[in-house]
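Coming up is one lone chain in structure tokens, specifically the form predicted alone.
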Amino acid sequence: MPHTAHGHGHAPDVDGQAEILDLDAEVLAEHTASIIEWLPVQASPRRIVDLGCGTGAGTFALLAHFPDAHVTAVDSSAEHLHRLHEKADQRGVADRVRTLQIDLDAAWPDLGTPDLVWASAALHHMADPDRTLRQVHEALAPGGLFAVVELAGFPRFLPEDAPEGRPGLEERVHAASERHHAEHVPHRGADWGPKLTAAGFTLAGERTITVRIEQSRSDAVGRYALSGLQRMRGTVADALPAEDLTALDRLLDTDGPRSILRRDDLVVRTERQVWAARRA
């Protein structure tokens, strides 16, 4: 999942954020399913909490894999939860989903005693993630599993010989974005294994999922690239040389001949890091 603040209330562009979360869910659906299939659950969970659920990528993947489960989908955004509820109705699983709007950095209501807690691209947005880990540990049923999934930055899409005669354009955009996030999102890129252990969990598994999607016929890949680069432009514009900004704007001009939506050489490239931790 992309790095958006759906774990708590710092989302000024809710519509754009919801769109990119939906695209993330669509483009990376196969990889999300493979992560869930890998989880070392001791028995099929019946009570699941999806922390920072966004518009439901994890929620619906979990419901599909665990047909007897019910999911409490937690987010701070009413718009995200509304979208998730609409999708649940459309998919005929509304009776298996409960939505809950809360600020995960504030006091939590009773989430029940879940067998599985799922947090994808959410923990690094917390003001005090160590506190969140302790809260999850306290809420989980004995033997329950906590799955933490983090994306290694927003995916790359362009070939290495970047367009517009600007080799390395995408890498420079990402480098500027990383510098911005290092200052404003200090927990991004954290090693959650030691943090989980310190919170009382026993680490049950860790893996890295390499994502490389080539020759996709879905136009979702182009829209995903467009949405992601548009959001990054808002944070890196002042850090890029004028020539890079011009080249980037050509890619983002959906009506222009060099629009990223017109490209047939996009490749989705990223990694997902997964930690599975158990409450003894």
Ligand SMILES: C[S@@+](CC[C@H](N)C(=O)[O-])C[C@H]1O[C@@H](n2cnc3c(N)ncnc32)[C@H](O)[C@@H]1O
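Residue numbers here begin at 1 and follow the sequence given. These figures come from a predicted structure and were not determined experimentally.
Note that the form predicted together with the named molecule isn't included here; everything after this is about it.
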(message) Taking the named molecule as it sits in the predicted bound form, is Val49 near enough to touch it, meaning that at least one heavy atom pair lies within 4.5 angstroms?
(response) no
(request) Determine whether any heavy atom of Leu203 comes within 4.5 Å of a heavy atom of the named molecule in the predicted bound form, and answer yes or no. (result) no
(message) Taking any heavy atom pair closer than or equal to 4.5 Å as contact, tell me whether Leu28 reaches the named molecule in the predicted bound form.
(response) no
(message) I'd like to know whether Leu229 contacts the named molecule in the predicted bound form, with contact meaning heavy atoms within 4.5 angstroms.
(response) no
(message) Within 4.5 angstroms, counting heavy atoms, which one of the listed stretches 109 to 117, 95 to 103, 168 to 176, 205 to 213 is next to the named molecule in the predicted bound form?
(response) 95 to 103
(request) Please pick, from Met126, Leu196, Ala88, Leu140, the one residue with any non-hydrogen atom lying within 4.5 angstroms of the named molecule in the predicted bound form. (result) Met126
(request) Identify, from the list Ala57, Val221, Leu63, Val236, the residue with a heavy atom within 4.5 Å of the named molecule in the predicted bound form. (result) Ala57
(request) Sequence order please: the residues of 72 to 96 with a heavy atom within 4.5 Å of the named molecule in the predicted bound form. (result) Asp75, Ser76, Ser77, His80
